[in-house]
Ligand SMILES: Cc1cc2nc3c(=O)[nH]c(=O)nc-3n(C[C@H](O)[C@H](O)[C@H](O)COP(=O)(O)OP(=O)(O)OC[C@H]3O[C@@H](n4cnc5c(N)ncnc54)[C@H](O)[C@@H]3O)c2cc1C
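Read the single chain below, which is given as C-alpha cells and is the form predicted on its own.
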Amino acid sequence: MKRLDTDVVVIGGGSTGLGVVRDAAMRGYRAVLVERVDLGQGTTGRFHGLLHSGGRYVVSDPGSATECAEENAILRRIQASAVEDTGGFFVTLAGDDPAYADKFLAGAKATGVPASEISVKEALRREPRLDPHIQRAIEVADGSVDGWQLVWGAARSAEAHGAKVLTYHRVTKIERDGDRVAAVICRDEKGGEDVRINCTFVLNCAGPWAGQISEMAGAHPVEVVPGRGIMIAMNHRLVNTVINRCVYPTDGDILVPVHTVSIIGTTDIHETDPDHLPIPHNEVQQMLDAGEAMIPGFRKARALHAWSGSRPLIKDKRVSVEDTRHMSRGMAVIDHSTRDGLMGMLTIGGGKLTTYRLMAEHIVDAMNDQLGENRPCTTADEVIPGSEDRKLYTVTHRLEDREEDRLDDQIICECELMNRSMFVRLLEEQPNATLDDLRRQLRLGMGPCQGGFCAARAAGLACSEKAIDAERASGLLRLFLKHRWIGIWPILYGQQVRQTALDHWIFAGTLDVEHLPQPEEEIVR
C-alpha cells in the first residue's frame, strides 16, 4: 500500500473542497485533497453557471444575499478568467405581483446587494427578446461563472502552495486512534492500488455525499438533504444578461448566458440518492414553459443538453425534508468533536459556488481553533493562476485567439473553437484523462453538435499522439458518447432530433462504432 503523511486530508473535489485545500495550503498546512472521480464532476459541474449577485436571496435568505454580494466582488478580483460580467435583470412578468419588486429593493438595500430599478423601455432595449409585457425591471451585478475553470484554477493555486490534488481516489475507510482521526484510506481507481494517508485532521467537503463520509469515521450521519434540480442548455445566447423573475425563488426563474449557450433552471425536488438523479420529462416541459414566459419563442430554440444536479442542503428543522426549495442556502460547519466526540474532523455543507472561498475560510478557521493555531486566511487577496491580468472572461475570447492561429493550428471542435494544440497540451498534462475529463476543461463536444464531429477527431488525435492505444481510444469514444446521450434523450424534439440522427449516422454509418473490437473489460474511467 502506498503511504503519505500530511496535516490535513480534504475529501471532495468540488468547489468547496478545492477552496479548502487552497486555503489550508496557503496557511502553511500540508494538505492532500482526494476526489473519487474528476474535479468538479458533482454539484459544481451541474449547475446553471450563475455567479450570484445576492439578488435571488434578498427577501428569502438575507444572510446568503450579503455573502453572495461580497464574494461576487472577491471572485471577480481573484479569479477573473472564470467569470463573465453579464450583469443581471430581475423582471416582473405580466402575471407577477408588481409589489414584490418593492420588497426586493428594500431587501437589497438592507443586505448591501447593489440593485437599481431601470425603465421597462431600457430593459427591452438591452434585451429585446424579453417579454414586451414585463411590468418592472431591476438591474443587479449577476454574472456567469465556469465552474470547471474555477476549480482547476483553485487546484493549481493549491498545488503552487505545496498541496497534493488526487483525482480518482475513492475514500474506502477512515481510521481512528481512539477519539481522533488518524488516517484516510483511498483506492486509486486508475492506478489500481490502495493509498494510506496519515493525517491529524479531515475536512469533509463531500457535498451531497458528506453523510456517507461521516459514517465512515464512525460519526453520526450528517443529515444532508439532496435537492435535485434540472437544467437545459439552449443552443445559443438567447440573452446576454442573466434574466431572473422578480418573485420569491421558484422553479425555472433563471436564464443564464454561459459561454455560447443559454441555460434555463431549475427545479428543486427532494432526492435520496445523489448518484442517481433523473431528468423527468414533465420537468423538462416545466423548464421550457418557464423560458417561454420570460422569452417568447423560447420553445422554438433548439435544446442542446439537459442535466440534473444535487444541492448539498443541510437539513433545516424549520421545514419539511421534502421542501428543499425553502431550506436555507446558507453554509453550515459541523464540529464532530462536540457532536460525536470525534476529534480532528469537520464537515461543511450548504452554501453556493459563489461563496466557495468563504466556505473554505470558515471551515479552515474552525480547524485552526481546534488546533490552537493562529494562521490568518489570505485567499481573498491572492490572484489565482490564470487570472494574473485580472481580465474577466468574454464570450469572444477564443474567437480572438483563433484569429491569431487559425492558419497554423487545426481546429478540432468548431463549436467551441478548440484547436489541436489546446487538446494535445492538456493531454500531455493529464495522460490518463478520459475524453469527458478533457471536455470539462476544454468544452470539447459541448456545442451544437454535442460531439458529433469533434469526438472521433479527439479520440483519433489522442491515438496518433501515442498518448493511448487504439483499444483505449475506441473505449473512451464509446464512453464519451454514452455520457453525452444521457443528457440528449430527454430533450429529443425539433432540430435536436435531426442533429442526433446525423451524429448517429456519422458514428454508426461511417465509423461503425458499435462494432469496434471490444476489450475484455469495458473502459469506464
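All residue numbers are counted from 1 along the displayed sequence. Only a predicted model underlies this, so the values are computations on that prediction, with no experimental measurement involved.
If you look for the form predicted in complex with the named molecule, you will not find it shown, but the lines that follow are about it.
Picking from 396-404, 240-248, 296-304, 204-212 the stretch near the named molecule in the predicted complex, with a 4.5 Å limit on heavy atoms, gives 204-212. Taking the partner from the other structure, the named molecule in the predicted complex has no heavy atom within 4.5 Å of any heavy atom of residue 291. Contact check for residue 433: no non-hydrogen atom falls within 4.5 Å of the named molecule in the predicted complex.
The named molecule in the predicted complex is approached by residue 309, whose closest heavy atom lies within 4.5 angstroms of it. Mapping the unseen interface onto this chain, residue 27 falls outside it, with no heavy atom inside 4.5 Å of the named molecule in the predicted complex.
The partner is absent here; in the predicted complex, the one residue of 257, 229, 445, 344 having a heavy atom within 4.5 Å of the named molecule is 229. With the partner omitted here, the residue from 457, 46, 478, 472 that has a non-hydrogen atom within 4.5 angstroms of the named molecule in the predicted complex is 46. Interface residues of 133-172, taken as those with a heavy atom within 4.5 Å of the named molecule in the predicted complex (partner not displayed): 169, 170, 171, in sequence order.
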